[in-house]
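Quick heads-up: it's one chain on its own, the form predicted on its own, in structure tokens.
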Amino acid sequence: MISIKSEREIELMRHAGHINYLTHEEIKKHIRVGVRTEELDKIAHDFIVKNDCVPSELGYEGYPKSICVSINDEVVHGIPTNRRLKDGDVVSIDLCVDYKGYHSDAARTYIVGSVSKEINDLVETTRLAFYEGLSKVRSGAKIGDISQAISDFAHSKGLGVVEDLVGHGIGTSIHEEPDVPNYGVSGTGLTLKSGMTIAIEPMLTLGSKNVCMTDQDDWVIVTEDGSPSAHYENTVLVTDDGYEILTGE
């Protein structure tokens, strides 16, 4: 069922989104060579709780931590451990914040130390792909408008577009209808309406679009060919004439 949010619900989601944005800003200060990913998890957890919110991911379908930290070929759902970041790593941080039962979802990809131009371009193109999709958001537009804008831009830069993972609606649950794929055909799919809240999240790779689950657990999804990936996501409110980003920029 597609949920149209009331003004009260939107205000709650704005607050959840603002704390999500501030949490990412706090984490960003600590992205460096040698930091353990579980330290980043604790920093995020403590910051969210200090701001009278709840880390939505903790315990979600059994997930054991408060954020996801995915490194290099890990596309999503990397579990924080005692693993240390090293020079040249590409690190995606995905986190959700719950404020009074309403959620926000945002992801950012960071570079640790020095990397090649190819890796820098991957991270920047993934961010820009989000904005290509965002530019299509308004009441009356189709989901496919967002999807094709993202995939056309990514493919024009020679990048793979992960198809097995998609954006989604969000509100009283982290994942609601509708799906928001990063590939598709303009003019097709669900019609957007003012008051809908969706998470748009390009996930791009330097190689194949294909992904698979790791053997170690039932969470971490990696690129099948081992190529690096990047992830950029915001929670977005659909308005009559456009959009509002609820999780900062």
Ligand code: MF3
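Computed from a prediction, not measured in an experiment: that's the story for all the values here. Residue numbers run from 1 along the displayed sequence.
Here the subject shifts to the form predicted in complex with the ligand, a form of this protein not shown in this document.
**Q** Residues Y21, D41 and Y232 are flagged as a possible site; in the predicted complex, is every one of them within 4.5 Å of the ligand by some non-hydrogen atom?
**A** Checked in the predicted complex: no contact with the ligand for any of the three.
**Q** Should I27 be counted as a contact of the ligand in the predicted complex, where contact means heavy atoms within 4.5 Å?
**A** Because no heavy atom of I27 falls inside 4.5 Å of the ligand in the predicted complex, the answer is no.
**Q** Check whether C68 has any heavy atom within 4.5 Å of a heavy atom of the ligand in the predicted complex, and answer yes or no.
**A** Contact check for C68: yes, within 4.5 Å of the ligand in the predicted complex.
**Q** So, in the predicted complex, is H77 in contact with the ligand at a 4.5 angstroms heavy atom limit?
**A** Output for H77 is yes: heavy atoms within 4.5 Å of the ligand.
**Q** Could you tell me if C96 has a non-hydrogen atom within 4.5 Å of the ligand in the predicted complex?
**A** C96 belongs to the contact set for the ligand.
**Q** Which one of R127, H175, R83, K142 is close to the ligand in the predicted complex, taking close to mean a heavy atom within 4.5 Å?
**A** Checking each option against the ligand in the predicted complex, the one that comes within 4.5 Å is H175.
**Q** Counting only heavy atoms and a 4.5 Å cutoff, which of 205 to 213, 28 to 36, 181 to 189, 57 to 65 contacts the ligand in the predicted complex?
**A** Stretch 57 to 65 is the one.
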